[in-house]
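Okay, here we've got a single chain as structure tokens, the form predicted on its own, with questions on binding and movement later.
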């Protein structure tokens, strides 16, 4: 009886310590969040109130939206869609080999694994809009610099997610394939990829949906697409056309997200 009571008290003490740690962590996170809001001026009520009239004036100039130039937006929208698809295809083509080299269970050695992880970290550390500026300066205006910027930035993210999915596959099929004398390529094609293909497809589709939204932003730096039309309307202070373009982008994003959801269901 005494031993059982002692164990019960020990369990209660462990639970109290765990609850205290969780509460302390939550409190520390809360303090960091509040401090970040304060540092960025979120609690400056006077400044926020002073900006309300400007926001109201801007909103009044955006209503009603002016769709008179909608025909001239069709080609940029097609370019934006093509950029998102091409950027995704190129990102996947580069990410999959890098992910296989970065995952510890498929990488030839630790040196290659760490080198690939550093490369993936470096690529995702540079925002696509910065890459867009660089590629516009290198290859000129148009959709090509947008595709390159989307692809290279996404390699860092997609490669990381691919590598994590590959890292957590069931090791038993890999061990069985190696024991049967399969080559590294055969291990990957017969034991690794069949396990992760549904997850890789999900990651790819989500990234394509993101690419469409990012493509619109890249147009602002000269990478073509509907973003170029958006920045042109902003430069001539045609906020009614800006609101129309934003609504058009919103409609396209809804369609792309719906198509992505349909594709995910088909691939399950």
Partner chain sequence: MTIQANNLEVVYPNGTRALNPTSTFFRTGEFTVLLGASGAGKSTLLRALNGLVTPTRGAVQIDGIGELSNKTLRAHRRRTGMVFQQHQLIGRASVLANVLMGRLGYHASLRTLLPFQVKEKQIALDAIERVGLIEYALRRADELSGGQQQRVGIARALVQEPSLILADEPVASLDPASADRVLGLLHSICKDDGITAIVSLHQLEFAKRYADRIVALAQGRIVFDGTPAKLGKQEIARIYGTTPADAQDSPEEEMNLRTGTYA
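Source: prediction; values computed, not measured. Residue numbers count along the first chain shown, from 1.
Another form exists, predicted together with the partner chain; not displayed. Remarks below refer to it.
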Name the residue from 140, 97, 194, 108 that puts a heavy atom within 4.5 Å of the partner chain in the model of the complex. 194
Among 176, 112, 89, 78, which has at least one heavy atom within 4.5 Å of the partner chain in the model of the complex? 176
Proximity to the partner chain in the model of the complex (heavy atom, within 4.5 Å), stretch among 97 to 105, 159 to 167, 119 to 127, 186 to 194: 186 to 194
So, residue 74 and the partner chain: in the model of the complex, are they within 4.5 Å at any heavy atom pair? no
Touches the partner chain in the model of the complex: residue 93 (any heavy atom, 4.5 Å): no
is_contact(residue 144, the partner chain) in the model of the complex, heavy atom dist at most 4.5 Å: no
Answer with yes or no whether residue 133 is in contact with the partner chain in the model of the complex, where contact means some heavy atom within 4.5 Å. no
